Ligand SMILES: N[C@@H](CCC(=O)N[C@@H](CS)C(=O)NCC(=O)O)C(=O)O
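Shown below, as structure tokens, is a lone chain in the form predicted alone; questions about how it binds or moves come after it.
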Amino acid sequence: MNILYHAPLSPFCRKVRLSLAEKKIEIQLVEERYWEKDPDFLLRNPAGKVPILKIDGKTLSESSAICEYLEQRYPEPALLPKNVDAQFEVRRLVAWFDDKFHNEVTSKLLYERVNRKIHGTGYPVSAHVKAGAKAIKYHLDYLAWLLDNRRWLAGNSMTLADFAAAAHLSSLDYISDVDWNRSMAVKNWYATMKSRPAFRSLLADNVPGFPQPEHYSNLDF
């Protein structure tokens, strides 16, 4: 059995979960309390991060590297285009969300509101929350601009870029930190994404101490 060691609201884990589900690769989900630095966990990944995927007799870490491995090993359905220039745009946007969006938004909202409580590291820093709430508006406007010029985020086909963006936004949507009324184009894109079968397990997530908001799993918002 393939095993994914994960944290339910981690956007990096969610990106891998979406890729696995889209490619119809069956896995067992094992929730990992990575912040406790369990010795067995550190043997699986000395970097002390999730996700970690056990598949094909290998133990893989780093979400983007895992997704690239899955794309090479299980090429259908394709989440990377064949064209080199198009591949670059997908990778650029994946990096945008996993780096810039993560640092400016996810870490300021999700990590402050949820991770601090789960990890027992105190209360949210209000300045960080305010900064994240301001930054997400810019990022939603950027998404809207992309969707005004393309069918999907990176072009005319759904790609890993859409999964990377949806992974971060779905984590934030769990704590009601996304203003879906800011852009109808973004709202419609996300509704399409979360209607995919690959999204089902994400929409079923429930984090103790943080009840799922009513709209979260509603495909029509």
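Numbers follow the displayed sequence, beginning with 1. Owing to the predicted nature of the structure, the values given are computational and were not obtained by experimental measurement.
Below, we turn to the form predicted together with this ligand, even though it does not appear here.
Engineer: Checking a candidate spot here: are 12, 37 and 48 all in contact with this ligand in the predicted bound form (at least one heavy atom each within 4.5 Å)?
Structural biologist: Yes, the whole candidate spot contacts this ligand.
Engineer: Evaluate residue 111 for contact with this ligand in the predicted bound form, applying a 4.5 angstroms cut-off between non-hydrogen atoms, and reply yes or no.
Structural biologist: Contact with this ligand, yes.
Engineer: Does any part of residue 62 reach within 4.5 Å of this ligand in the predicted bound form? Heavy atoms only, please.
Structural biologist: Looking in the predicted bound form, residue contacts with this ligand include residue 62, since a heavy atom lies within 4.5 Å.
Engineer: Tell me the stretch among 184 to 192, 149 to 157, 23 to 31, 50 to 58 that has any heavy atom within 4.5 angstroms of this ligand in the predicted bound form.
Structural biologist: After filtering at 4.5 Å, what remains is 50 to 58.
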